[in-house]
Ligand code: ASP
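One chain follows as structure tokens, the form predicted alone.
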């Protein structure tokens, strides 16, 4: 029987049953005005002295939870509020029930929240999320992921989940590790991405895979990085670089335009890494004009032909993007022989939007000798390669199709669409900048009993 607040605008003359929070209360002489809020919007309730619940209405406070039954009436012309969706109507209440009272919130909820310190906002995140801006942000996130899913289903992709408890993998960040109670002294690792599993799904013959994947990286936190993130992970068999980028460009256009955004240039401009560095001075750049920025235009571009390897702080070769990538065909012999390492280019491609990397992928190594050569250049011994990646090398012996893919970071995409500067504004319960969880007190110590079960000791 419930009616959502936003739907009352089309129900003049009808009796409705509303549930929601007191957004504000105003006493105007003998009239009491209550703005009732649910997730769809706010509507005005008008109490007059002769109503049976008038005294109860006078005691209401912000954030109390109510059930109200009443008649939808059109407002007089002079009382119309054009700033809200329900501004042409108001509710004449017939009954009022208080479902829950509320203490005074620790901060105002009728602002955008940017003026409030991070620690207190995230401590009371369940209250912070009530504000209109964050309600819209989280709702758009849901619509973004749904639009992505529907596009990929229409293209014949299967949504397949891969394990969270896995083995360590070299993907550029530290792993989060989980002790094994049943295997003393041994540990799982949480996935930095589903990289190896999605390649194994290509070996398995599924050909078109995607996943809304949770990924975990123990890295230094920044405005656009957290310990956890979500990515739309896509992998395909029997494709080359142009096949993946064409599909992904169609995907990106379909998703963001379905959400009402405008794209500056289609097809997306393409830069090699060398061109980007020489012409723009960066491989993440913003192609918008000032007018584009004012009107909320999205400027996408591709960057490709990255160097495969670079020197780390110790002077050893390491990968620039992904060790599971394929070298460009003309550099495959260099890779296998370990020649001209600094000149080897990879099939990596990044998708840039408004100066932010919002997606990245590559054509993958699908032959054992190619993958083994990458780790050999990086200084891995034969024994180490077999121990950590023997399962991949073994799998590639059984008829592995050429394959490649791309992943889109959900948070970075949403930050770009919404013009937000911080990851926390597009995540329901993010970590603080010091790496602690919202609301709950974690990380925290374990009880001695738990440590004993896990065969762990904590040394000061």
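Residue numbers count along the first chain shown, from 1. For clarity, every value in this text was computed on a predicted model and none was experimentally measured.
Another form exists, predicted in complex with aspartic acid (ASP); not displayed. Remarks below refer to it.
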item	value
Partner proximity in the predicted complex: residue 406 to aspartic acid (ASP), non-hydrogen atom cutoff 4.5 Å	yes
Non-hydrogen atom contact residue 248 with aspartic acid (ASP) in the predicted complex at 4.5 angstroms	no
Residue contact check: residue 304 to aspartic acid (ASP) in the predicted complex, 4.5 Å heavy atom	no
Touches aspartic acid (ASP) in the predicted complex: residue 86 (any heavy atom, 4.5 Å)	no
Location of aspartic acid (ASP) contact in the predicted complex, chosen stretch of 359-367, 147-155, 107-115, 383-391 [non-hydrogen atom, 4.5 Å]	359-367
Listed residue (354, 252, 347, 231) with a non-hydrogen atom within 4.5 angstroms of aspartic acid (ASP) in the predicted complex	231
Aspartic acid (ASP): the contacting residue among 75, 217, 225, 376 in the predicted complex [heavy atom, 4.5 Å]	217
In the predicted complex: members of 186-220 within 4.5 Å of aspartic acid (ASP), any heavy atom	193, 195, 198, 217
